[in-house]
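Encoded as structure tokens, the following chain is the form predicted alone, with no partner shown.
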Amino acid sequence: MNQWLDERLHISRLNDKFLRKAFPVHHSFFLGEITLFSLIILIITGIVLALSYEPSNSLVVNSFDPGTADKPNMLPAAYHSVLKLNAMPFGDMLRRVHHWMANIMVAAAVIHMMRIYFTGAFKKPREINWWIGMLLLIFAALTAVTGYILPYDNYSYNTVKVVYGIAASIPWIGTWLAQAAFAGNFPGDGIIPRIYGYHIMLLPGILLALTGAHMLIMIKQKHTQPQYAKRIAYKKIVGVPLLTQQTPIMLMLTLLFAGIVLLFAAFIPVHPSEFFGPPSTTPINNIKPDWYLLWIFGALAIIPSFEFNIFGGIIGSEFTGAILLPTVVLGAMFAVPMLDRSKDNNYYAENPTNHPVRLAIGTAFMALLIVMSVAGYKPDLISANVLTTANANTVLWILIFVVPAVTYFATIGIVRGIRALREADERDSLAHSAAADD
């Protein structure tokens, strides 16, 4: 049978070229695999959830509380289908797994990008894969946003209202773009079918295509090697073969990872649609996005309200905080391979302390996003008497400038101390070697 298949499919070539590919042995390289596992489980759980979800905001009779013949209790079909799904055996559990997988996928992708940045793995010849990774991160966040609109409870309703307003705030084309993206004015009859199409077809298709391209380029260019590989075999791939050793490790990691997520899903509830109730004009106080978009929400919270007209287009605080600022931040991240370049191909992961400026910029950038995320809790900080309405914006703006600056210089100082200790150890080693020779 093996010979018959090999004569037709050339399986032996596949084994020699791909299945024996060497994978570097280092724990940080599993971050990309965790991201991939999360995407696969998200697709599987999403397919199962889609079997019970009704993508419509048409009104249907509430089967749990139908009301009377004269006054039936009507609910949007999408919201009603989520209530029915929650009442099914393991239905709510499935939603929780889907929710936690989405958060873990984004978290793993963020940490994976941090590893790539701090070790210089974005340098030649891997610039394209850095840009593909950035696109994966952006589209993963967009997929998550469309996902928590689909329950169409009051929380989702207020969320899509905010997103629609952000799209409409874009100068000159905002109104047209918002109507095109959300199937008309908000709230319209076509909004849930449109978001559903984005969430289960368009965005997953983009994610799968980008993931495929990312992996193909990685296979072609090979991983960056840990520093120990340079001492073992210079410019050679040092690792374990894919099929016989790496695959069992990946399977064990997958089972462990799935078990942890199931524990999360079993004990930590997520997005209680019954609590929020059906869509209504009643606003939800202190509505917040998920953690990976909280920094944008923080920017909106502290940017003073303003607007001015340029050639008929209105530029306001909403556009500045939710569109312009993230564009600048993401643009800077896209530009990283162009700002920190190398003439020769980079085969090995760099020690972050050997590049103190890059390390300090990265830690300062992380500090900036953390402070902006904290700013998203401005109403909570005021209600807890940590800040006052009068000083909240001033304090938060000061922190946005001071904390990253302090982080930058502290990182530079710490790295200098580490390098001084390293140089002292090297001098002591040389001195001991010279003494031994004498």
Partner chain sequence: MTRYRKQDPEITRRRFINAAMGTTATVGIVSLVGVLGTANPVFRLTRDKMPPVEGDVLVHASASKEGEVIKVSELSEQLIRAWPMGKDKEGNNLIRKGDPNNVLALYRFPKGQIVAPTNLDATVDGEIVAYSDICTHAGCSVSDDDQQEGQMKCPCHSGQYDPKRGCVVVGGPPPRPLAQLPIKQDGDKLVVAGFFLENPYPFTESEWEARKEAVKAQLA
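Positions refer to the first chain, counted from 1. Fair warning: this is a prediction, and the values are worked out from it, not measured in the lab.
FYI, the form predicted in complex with its partner chain isn't displayed, but the following is about it.
Residue Val162 is the only one of Leu142, Val162, Ile361, Ile132 with a heavy atom lying within 4.5 Å of its partner chain in the predicted bound form. Of the listed positions (Asn354, Thr327, Thr244, Thr281), a single one reaches within 4.5 angstroms of its partner chain by any non-hydrogen atom in the predicted bound form, namely Thr281. Not one of Ser63, Pro72 and Asp153 is positioned with any heavy atom within 4.5 Å of its partner chain in the predicted bound form.
Residues of just one listed stretch (406 to 414, 373 to 381, 24 to 32, 38 to 46) have heavy atoms within 4.5 Å of its partner chain in the predicted bound form: 373 to 381. Using a 4.5 angstroms limit between non-hydrogen atoms, Gly91 is distant from its partner chain in the predicted bound form. Taking the partner from the other structure, its partner chain in the predicted bound form has no heavy atom within 4.5 Å of any heavy atom of Ala209. Residue contact check for Ala183: one or more of its heavy atoms lie within 4.5 Å of its partner chain in the predicted bound form. In the predicted bound form, its partner chain sits within 4.5 Å of a heavy atom belonging to Trp176. Residues of 282 to 298 that come within 4.5 Å of its partner chain in the predicted bound form, judged by any heavy atom, are Thr282, Pro283, Ile284, Asn285, Asn286, Ile287, Phe297 in sequence order.
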